[in-house]
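One chain comes next, on its own, written out as structure tokens in the form predicted on its own.
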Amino acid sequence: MSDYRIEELMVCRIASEVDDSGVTVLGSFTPLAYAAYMLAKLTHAQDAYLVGFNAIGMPAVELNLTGVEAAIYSGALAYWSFGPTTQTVHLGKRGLVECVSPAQIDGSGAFNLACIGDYNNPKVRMPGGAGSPEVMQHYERILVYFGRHDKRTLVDKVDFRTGQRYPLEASARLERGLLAGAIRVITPLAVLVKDDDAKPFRIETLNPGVDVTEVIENTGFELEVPTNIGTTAEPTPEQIKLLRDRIDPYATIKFDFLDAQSRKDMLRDLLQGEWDRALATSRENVGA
């Protein structure tokens, strides 16, 4: 067993879904998902085809706030505009893996990225779905992840339905010309999977040290509990080293697990750290 943090375990679980059988598109910048794609690219899926920021065939890059986009573009095979990317990948049935990190999901698989409370008078107004409804429907493997597992995030019914994958049964999807694949929800407690509209999410694996009761008590909708439940694979020492030393030295993947004030503090520290490194690099170049 390696020494790891829960967010690193979740990164490794997401990375396990990436291979070279399709195109993995990096949408909105979510550090945890980006780290997972980079990890796959550097380990078991070296031929994985990644598209990010309209850069086609991008390499694995280090995650940071100020330089990641430039690094993606400088190492890519080609550039493409949003329209062709959408038509060819999103709607062209070439999308392999997509990660969504909404505020809520319910037992039907509907997710919410719009608001908490009444839409016209919300408690919290969120950024909205952008392209998430389309990718949720058209990609093969849909992964929804949360920085916490509780009844505020895994709810009985979402406050606003931003999108949903429907239908879920493989045969029904193929009949409609859609890629077949389940929804998986990855949390600090477990991995849940839903592949049948008429059945609830079932517990696919429990994270190490978590029992079934804890998952049930912290989920706001019905769960199917199989007789035999596996354990989510722990990160290997190689994966941990790559994450901490090469992919995410600033530990940006912690962002999804922090409250608002802690996120503000982390952003300030990240920007300062990147600025300090840039100054140090500049001085070394001048000295050379």
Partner chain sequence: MNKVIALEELSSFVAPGDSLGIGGAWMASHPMAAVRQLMRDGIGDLHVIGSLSSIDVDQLIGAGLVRELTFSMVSLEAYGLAPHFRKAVQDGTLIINEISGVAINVGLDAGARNLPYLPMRDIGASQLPEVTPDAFAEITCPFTGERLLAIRAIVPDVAIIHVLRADAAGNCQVEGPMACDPELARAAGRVVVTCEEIVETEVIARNPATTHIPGFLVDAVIEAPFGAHPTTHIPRYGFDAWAVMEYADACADGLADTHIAQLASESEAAYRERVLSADKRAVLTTIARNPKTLETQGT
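Numbering follows the first chain given and starts at 1. Superpose the two forms; the largest set of C-alphas matching within 1.5 Å is the rigid core. Source: prediction; values computed, not measured.
Only in words, not in the display: the form predicted together with the partner chain, which the text now covers.
Between the options 210, 191, 126, 170, the residue in contact with the partner chain in the predicted bound form by a heavy atom within 4.5 angstroms is 126.
Taking a 4.5 Å heavy atom cutoff to the partner chain in the predicted bound form, the contact residue among 229, 240, 251, 65 is 65. The partner chain in the predicted bound form is approached by residue 163, whose closest heavy atom lies within 4.5 angstroms of it. Looking at residue 220, you'd find every heavy atom of it more than 4.5 angstroms from the partner chain in the predicted bound form. A residue is said to contact a partner when one of its heavy atoms sits within 4.5 Å of a partner heavy atom; residue 103 fails this definition for the partner chain in the predicted bound form, lying far away. Though the partner is left out of this view, residue 133 does reach within 4.5 Å of the partner chain in the predicted bound form, counting heavy atoms only. Proximity of 54, 83 and 246 to the partner chain in the predicted bound form is complete: all three residues have a non-hydrogen atom within 4.5 angstroms.
A movement of the C-alpha atom of residue 280 reaching 2 angstroms or beyond is seen between this form and the one not shown when the two forms are aligned on their rigid core.
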